[in-house]
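We've got the same protein chain twice here, in two forms, each standing alone as structure tokens: structure 1 and structure 2.
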Structure 1
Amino acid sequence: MQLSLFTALALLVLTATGFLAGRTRALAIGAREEGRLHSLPNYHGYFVALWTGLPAFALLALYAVTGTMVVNTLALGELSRASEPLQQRYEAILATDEDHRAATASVERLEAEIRMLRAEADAIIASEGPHSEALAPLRARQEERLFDQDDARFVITSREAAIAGIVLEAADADVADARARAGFEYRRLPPEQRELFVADARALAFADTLASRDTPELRAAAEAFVPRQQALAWGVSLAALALAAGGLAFGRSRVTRQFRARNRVEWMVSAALMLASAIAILTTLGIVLSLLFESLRFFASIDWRVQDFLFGTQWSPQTAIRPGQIGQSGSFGAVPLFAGTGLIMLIAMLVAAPVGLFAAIYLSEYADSRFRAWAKPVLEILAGVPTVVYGFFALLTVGPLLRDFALFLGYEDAVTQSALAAGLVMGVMIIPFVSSLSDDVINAVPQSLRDGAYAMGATKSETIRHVVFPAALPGIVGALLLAISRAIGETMIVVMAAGQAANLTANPLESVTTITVQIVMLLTGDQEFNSPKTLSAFALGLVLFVLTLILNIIALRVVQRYREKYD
């Protein structure tokens, strides 16, 4: 890290030197030769500075992104080659072990029986339904086979560990065999534990973090990381400095009286702006593709029952704990989530839209400067309150108040956690998004439009309704769209004020849940990212993305329709 920091500081010095060298040379040429320079001296300095710093910093950025991966690949490759004799000895002993072969054959036989039971159960479900009594003995037999399969796999794991211990005991304790043992241990680890092995080895090698354990094998692996990391770091640093020096010499040599430095610099700036735009577009494309691919995996895991997901009314994403378990395929009807999201968002917007718009109109058109000076900051304080505070307020104050009021009116099924409580509090939270943006948009309407309306005899309210509001409509639609997006994406208030029950209802006094709450629940905790339960979160995210895109398209159409009056 210190070497990289030193290199970066040296490159900054060289870049500044390049600017001064280019500018000084341009001034000298302009004073010595007749005629004017094509570009100002500063442009020549910028040109040389860009050639000095840009390639070198690009190399450092590439090293920052890929350096760790390259070092890991080289070090682990050496450990793997060193462990080849131990691996061959291990495989030879494993191939002759009778217990291991018997357990492996037992696992294969049990898997075939479980597949047969699963096929038989699917046939019964197709003919008699998922609640058929004939499924009970099949489930019991399958549980027996699954437990037997677990026992056989335990025997396989135990024999592999015992044979690995025999192989390691036969290895010597010198440096070469220490690396061999490290490579042998790494190759036997499951994929999810290999990253921890590498992280611990790097922690012991570079002492940048604390290792979770310290063993001779990890120490040997750490010794393999250190020289490669140092060699790569020094090589990249020297190469970056050489690139900077070469770029400085090349850029300075291009400085002449006729050289179009301004054109080159502006082209580089345009390329940088285009690159920034491309990064934004590619990031959006990557998000969409990741959602799409994971959603396709989800639909493939539930046999492409897209209609059940989009139009199903039962949401219970509980899947089999064991592979192939009968009767545990889960229910992924997302209509209750869509309905809950829409209901809470509608209630929130019924609060935020009129209150925010009326507040913006009053502050921009009716309030005097002294009242506006303190009223607008006070209103915008609402945007700085943490959402968890709103959630506590909804759970402890608004929810019980609404429940007691509903009980007073005779509604006996009222609960504390309800869509109405969450929507009301969320509406209060997003009032500043509507009022502040709408106020800025209304103030941006030219005063000449107001003066023209007043000259025609319009009153203040008529001017606001027929002139100011239509002129500010595109910005107001944008503010409302931002508020809707904020309401759809809110999670904490919904969890605390509306609950987590996937309830399909239009009654705002009942508990509901939203898409974002379910995504959080599905992706948090000790989850396996290959099960339909977890993959359903990506399908929900894809649907949410499509809905937001549709809202954007509708908003653009509304804006275009009303903007034509003022073109």
Structure 2
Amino acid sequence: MQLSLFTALALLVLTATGFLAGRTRALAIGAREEGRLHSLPNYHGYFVALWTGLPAFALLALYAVTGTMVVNTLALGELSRASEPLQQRYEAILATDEDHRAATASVERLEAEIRMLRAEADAIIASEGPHSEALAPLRARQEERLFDQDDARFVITSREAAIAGIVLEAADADVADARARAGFEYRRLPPEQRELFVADARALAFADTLASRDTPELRAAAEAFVPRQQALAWGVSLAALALAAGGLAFGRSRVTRQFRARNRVEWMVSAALMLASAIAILTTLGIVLSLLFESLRFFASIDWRVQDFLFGTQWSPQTAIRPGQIGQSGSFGAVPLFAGTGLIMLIAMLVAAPVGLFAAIYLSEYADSRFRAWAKPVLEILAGVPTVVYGFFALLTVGPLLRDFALFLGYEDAVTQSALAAGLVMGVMIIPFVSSLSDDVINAVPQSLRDGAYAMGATKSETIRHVVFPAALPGIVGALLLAISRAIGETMIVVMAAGQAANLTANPLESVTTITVQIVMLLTGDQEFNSPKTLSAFALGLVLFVLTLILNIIALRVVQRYREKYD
């Protein structure tokens, strides 16, 4: 790490030197030759500096990203080669082991039986429906087979462990061959533990973090990492310096009187700007693709019953803890979540649309400029309050208040966490979005239209109702749509104040849950990453993304069309 730091500093110095070299040479040429330089000396300097710094820094960046991976691959390859004799001995013993062979065969046989039972059950469901009595014995037998299969699997793993122990014991005599034992150990590890092994080995090798354990095997593995890491680091540093020196010499040789350094530098500027926007776009694309692929995995795990997900009314994503248990696929009907999201959004907009709009009209049409000068920023501060603060405001103040009020009115089932509490507070949160955007569009209505109405003898409110508001309407609709998409995506308030029960209800005093709340619930806590329960969060995320994307596209189009009308 320190080596890379020194290299980077050296490269900076070289780059500065490159700038001076290019500039000096250009000045010398300008003084010596007839006619003007095509570009100012500074541009020649920038040009040489870019040639000096860019390729070398690109190499360093590449090393920073892939260096660790390269070293790991090389070192693990070495370990794997060293462990080859042990691995062969292990495989030879395994091949002759009767218990292991018998257990493997029984796992396969049970697998076939289970598949048959499933097919039978599906046939019965298809002909007699999912509540047929004939299903019960089938399910019982299936469960029995699954238990047997688990037992057989246990036999396999314990035999494998025992044989590995025999092999290692035999190798123990040869203490010097710790490296071979390390490679053998690594090969037998399941994938998720391999990462830990590598991390421990690296920790012992470079002593930069603490290892979780310390064994002779890990020490041996660590020794395989050290030289490769050093070689790569030195190699990369030297290569970077060589590239920089080469770039400097090349760039400097290009400097002539007619050389268009200015245009080249211009090109680099545009390339850098393009790179920045490409990063933003690619990041978005990456997020969308990861959402998409994880959603596809989810849909695959519920057998592509996409319609059940989109239109099912039962949401209970709990799945069995032990794999192989019957009924492990929970119920993933997302309609209660969509309905909850919709209900809260509706309540929020009922608050935010009129209040935000009237505030915008007051600020842009009635308020005098001094009041406006401080009222508008204050209103926008409301948008800066962290949503978690709104959340506990909703949970601790608004929720109990609404509950007590409902109880007072004689509604017995009132609860603290209700759609109404979350919706009201969310409405307050998005008021500044509505008012700020509406204020902008109302201000964009040309003064000449107002003058026209005033000159007809219209009063202020008539002018606003008949002329300004209709003219600003498309923009206001756009503002409302943006506010809606913000409300749909809002998480913290609803997590705290709306409850978690997936009720399908239109009663605002009941607890409901939203898409965002369920995503939080599904992904927090210990989770298996390949269970449908976890994956369903990605499908919900995808739905949310598509919804807000559509709303944003419509809103932007509406606003744009409105802008064109007056420009």
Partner chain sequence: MAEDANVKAGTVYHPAEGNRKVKVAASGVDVFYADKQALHDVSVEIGDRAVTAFIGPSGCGKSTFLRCINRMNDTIDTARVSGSIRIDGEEINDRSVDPVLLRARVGMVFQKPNPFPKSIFDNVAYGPRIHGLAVSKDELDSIVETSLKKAGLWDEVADRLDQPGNSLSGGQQQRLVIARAIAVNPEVILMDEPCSALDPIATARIEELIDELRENYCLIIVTHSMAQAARVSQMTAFFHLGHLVEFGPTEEIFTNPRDRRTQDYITGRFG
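All residue numbers here follow the sequence of structure 1, with the first residue given the number 1. Everything quoted here is computed from the prediction, not taken from an experiment. Here, rigid core means the biggest group of C-alpha atoms that superpose within 1.5 Å across both forms.
Both panels show the same chain in isolation, but it is structure 2 that comes from the form predicted in complex with its partner chain. Core-superposed comparison between structure 1 and structure 2: the C-alpha position of G235 differs by less than 2 Å. In a rigid-core overlay of the protein, I464 has its C-alpha displaced by at least 2 Å between structure 1 and structure 2. Superposed on the core, the two forms barely differ at A199: its CA moves less than 2 Å between structure 1 and structure 2.
At W374, the distance the Cα travels between structure 1 and structure 2 is 6.3 Å after the core is superposed. CA movement of S448 between structure 1 and structure 2 equals 9.1 Å, with the two forms superposed on the rigid core.
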